[in-house]
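Two versions of one and the same chain are coming, encoded as structure tokens; call them structure 1 and structure 2.
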Structure 1
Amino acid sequence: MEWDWEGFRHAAAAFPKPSGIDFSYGTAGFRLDASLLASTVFRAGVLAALRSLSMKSATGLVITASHNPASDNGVKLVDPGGGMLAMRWEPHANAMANASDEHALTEVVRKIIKEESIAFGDESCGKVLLARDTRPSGQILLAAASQGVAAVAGVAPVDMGILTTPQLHWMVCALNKDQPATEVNYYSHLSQAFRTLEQLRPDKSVRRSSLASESIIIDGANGVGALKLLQLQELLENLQFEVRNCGRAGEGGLNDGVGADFVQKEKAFPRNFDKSDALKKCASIDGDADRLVYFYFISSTISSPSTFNLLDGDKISALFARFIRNQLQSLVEDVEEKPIITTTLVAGYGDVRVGVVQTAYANGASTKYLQQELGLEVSLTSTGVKYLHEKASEYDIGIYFEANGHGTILFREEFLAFLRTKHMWGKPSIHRLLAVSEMINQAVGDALSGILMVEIVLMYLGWSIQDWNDIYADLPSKQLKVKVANRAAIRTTASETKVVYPSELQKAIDTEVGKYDGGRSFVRPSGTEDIVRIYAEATTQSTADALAQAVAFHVYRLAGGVGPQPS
């Protein structure tokens, strides 16, 4: 099969790159004002097609800007395993997006074909699944992406319609496993696993709190996830939820004062929630439904302000880790004599490694709970879901969540195969773990899947949302940022917990931390701007604020701060 280079250049010329803009592909893919993205999504379509041919498997592309305003849009690429685009291909994405015109783009494509040894022949075939969220600009941009895919010889674009980002990730993964991969299959898969876990719930699981409730109020961010939640609920008999902020008239705009990002950052209830919802279990998803946080609020008297309680990704991770640990404990010998991180299954699988992966932004109280209360191994990675996902895949069961609510549980395939061979044991925990592996979206963080997991764990434990929140109290924290002349002036360790250069800065941070009870602080340069982000924790809010200010001053002094000096 010959590549029609003349036709390719003609197709690319219809999508000229806007001048004066440098594009950078990151964890969020490409994201910008929608009016500036046509060339980028066309080229992303080309790259997704090349990746498909290179891997000889289907890939995916979704048009979304997640929790950004409705005027923005973006594009994310999905690898054959259902995960994010391989980091090794991100430079290819940047080179294509920044090619000055169709001729420069052609040369970049030729170079990628050569470097990745992509062959074209009569049997060459590829497939790219396409989807978009509900943004007004989505349809036009999806058409541009489709044309980019079709411009590559031997690759076909397949429009899957309006989907959440995690749904498309799930479908790409399922298709490459030769499994049914429609939206109906997605709902059926999750709901059946949820029903299985319901049936396996011990009789002793009874709710014991006055705040316990089977129902849940969900903020849908006026995005695509709200629509999908309503479709999922039709398959669930014993889980009731009310979805607000569905994008209906009068509910407001996409991500405008609503959504998981707003709730997590502002620590406030979203639009269309008020004090009449006090004591109720609430959750919020983001615009493309890959983030999830829970919350509730209490008002002791009419005149007092509500007390807002946020259960973020750290709390979700801790809840899931407790459930996984409990199931494993019933499958091991000499539980009391061995830490859970080196448990041995009865039939001799060997040591089952269970780990929780966090970033330095995880609250210190959550890390202490995981290590000291649950006895689990905790690993730290650089900020960014792609780093957490990669590290979690090293465990037999790896759990990861960022504080913003993006995360999931990964099961090593060898471990699942072992559990399947022992299903005749009749041990409920084996069936529960297998059901969790089916219900949780292992391709990527998925708010819909996450809600089902949270709710089933609370049912098993007999907990209300307040019981869950009480497992530990977050340490007060503060985040600041300092503008610098060059963010490369600071280099950190891989976990971003220590400054490698300049060494004087880390010494100054250590000195400041030593002044405060429970103090912890780190700094990290931004990946996209000339700013340095500061994080600080301490036992009180005032001391956390003071520690952050002190560290910010040292960053300004030692790392080339510009503009107003931190006071």
Structure 2
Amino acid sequence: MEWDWEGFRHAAAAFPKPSGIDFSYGTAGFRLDASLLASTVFRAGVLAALRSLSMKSATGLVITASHNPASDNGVKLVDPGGGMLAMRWEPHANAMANASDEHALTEVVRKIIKEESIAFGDESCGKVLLARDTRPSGQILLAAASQGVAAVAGVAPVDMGILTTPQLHWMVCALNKDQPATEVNYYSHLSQAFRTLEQLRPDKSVRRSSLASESIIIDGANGVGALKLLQLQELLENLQFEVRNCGRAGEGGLNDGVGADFVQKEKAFPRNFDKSDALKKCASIDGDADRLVYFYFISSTISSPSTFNLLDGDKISALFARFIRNQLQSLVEDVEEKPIITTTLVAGYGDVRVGVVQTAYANGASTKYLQQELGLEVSLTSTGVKYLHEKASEYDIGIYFEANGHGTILFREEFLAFLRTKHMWGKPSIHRLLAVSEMINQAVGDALSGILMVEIVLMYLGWSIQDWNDIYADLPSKQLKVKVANRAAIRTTASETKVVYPSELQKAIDTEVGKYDGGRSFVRPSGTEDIVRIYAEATTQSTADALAQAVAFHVYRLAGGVGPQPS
């Protein structure tokens, strides 16, 4: 098939790059004010098409800016396995997004074709699945991305409509495994696995603690996830939830004082929740439904003040890790009586490696719980699920979560194949592990499958949200952000826990940390906003707040802060 370069240039010329902007593929793709994005999404469409040809499999592209304000938008690219675009291709994405015009873009594309040895066959052989969230700018941007895909010879764009980010990841993964891959298939797959797990519950008569409540109230962030939760609910007879912040008239705007990012960072109720919801089990998802946190509120009594309790990604991870560990333990006890510490020897398979992956934002108390209470291996990676996902895939069962609620449980294919061959053992834990691998999204963190998993584990344990919260007490922590003129002006070590440049900044942070008992603090430039993020932990909330404030002041002073100075 001949590449029609003239036609390509013509198509690209319809989406000129805005001048004076340096686009950068961040923590999770490109994200910016929607009015500036048409050229970038067209080019991302071209890139997704090239990636599809290069891998000879379908790829995906989602138009979303996740938890950012409604006026922003962005693009996330999905690799054939269902994960994020391979990091090795990110420089290609940057080079394309920043090409000055259609001629420069053509040169970049030619170079990528050569470097990646992309061959053009005689027939159409590429496919890119496209989806978008509910942002008003989504439709026009999706059309631009679709034209980008179609501009590549032999690649077909397929518009899957309005979806959550994890739904599109799931579909790309399923399609490339020749499995049914529609939205209906997604709901039936998840709900079927949930029902299987319900049936495999060991003691259905187990009494829930007195405060355990069957139902959940979910904050849908006024985004796409709310709509999809309502669809999922129709297939779940035994799980009741009320969805608030669905984007109905009067409920407010997308991510505006609502959603998982707001709840986790502010440690506060989202809109349309209040003290009348005291003691109820509440959850919050973000604007594209790939993050999940839980929360509940205890109203004040004469003896104690009211408290807002956040159960973040770390606590979700700890709950999942406990469940997985228990299932493996019963497998081992049934087979050959071995305790679990880091690896579990299962007859016929060998050591089953279970690991939990976190980032530096993980609360220190969660790491301690995972290591000391559960005896599990914990590894740390840089911020961004692409790093956590990669690390988690090294284990037979890898549990990964960012504190912000983005995460999942990955099962190694060889381990699942082993479990399938052992079906005849008739051990419930084998069937449970297999059902979990079907229910929890294997492609990417997914708030919808995360809710099902949390609920089933609580059901197994007979726990209320308070019982779950009590597994460990978070160390008091505080997150702040400082607006800077150029976020590239700060560089950190690979683990992101130390500033390398400007070096005086790290010295100032060390001095501040030294003033507080049990203090920990680090800063890093955001990969999604023009800000530097500050994290601080200490033994009391007021000292964590003070440490964060002091460090924010040094960031402002030494790293080119703009706008109001932190006090």
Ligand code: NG1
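Numbering runs along the sequence of structure 1, starting at 1. We call the rigid core the largest set of C-alpha positions that still match within 1.5 Å between the two forms. Source: prediction; values computed, not measured.
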**Fill in**
Taken from the structure described, the form predicted together with the ligand is structure 2
**Item:** Is_shifted T59 between the two structures (CA, 2 Å cut-off, rigid core)
**Value:** no
**Asked** Is the C-alpha displacement of F30 equal to or greater than 2 Å between the two structures once the rigid core has been superposed?
**Response** no
**Fill in**
When the larger rigid part is superposed on C-alpha atoms, the smaller part turns between the two structures by a whole-degree angle of 21
**Item:** Core-referenced Cα shift (Å), L558, between the two structures
**Value:** 9.1
**Prompt:** Hey, core superposed, how many Å does A494 shift at the CA between the two structures?
**Reply:** 3.3
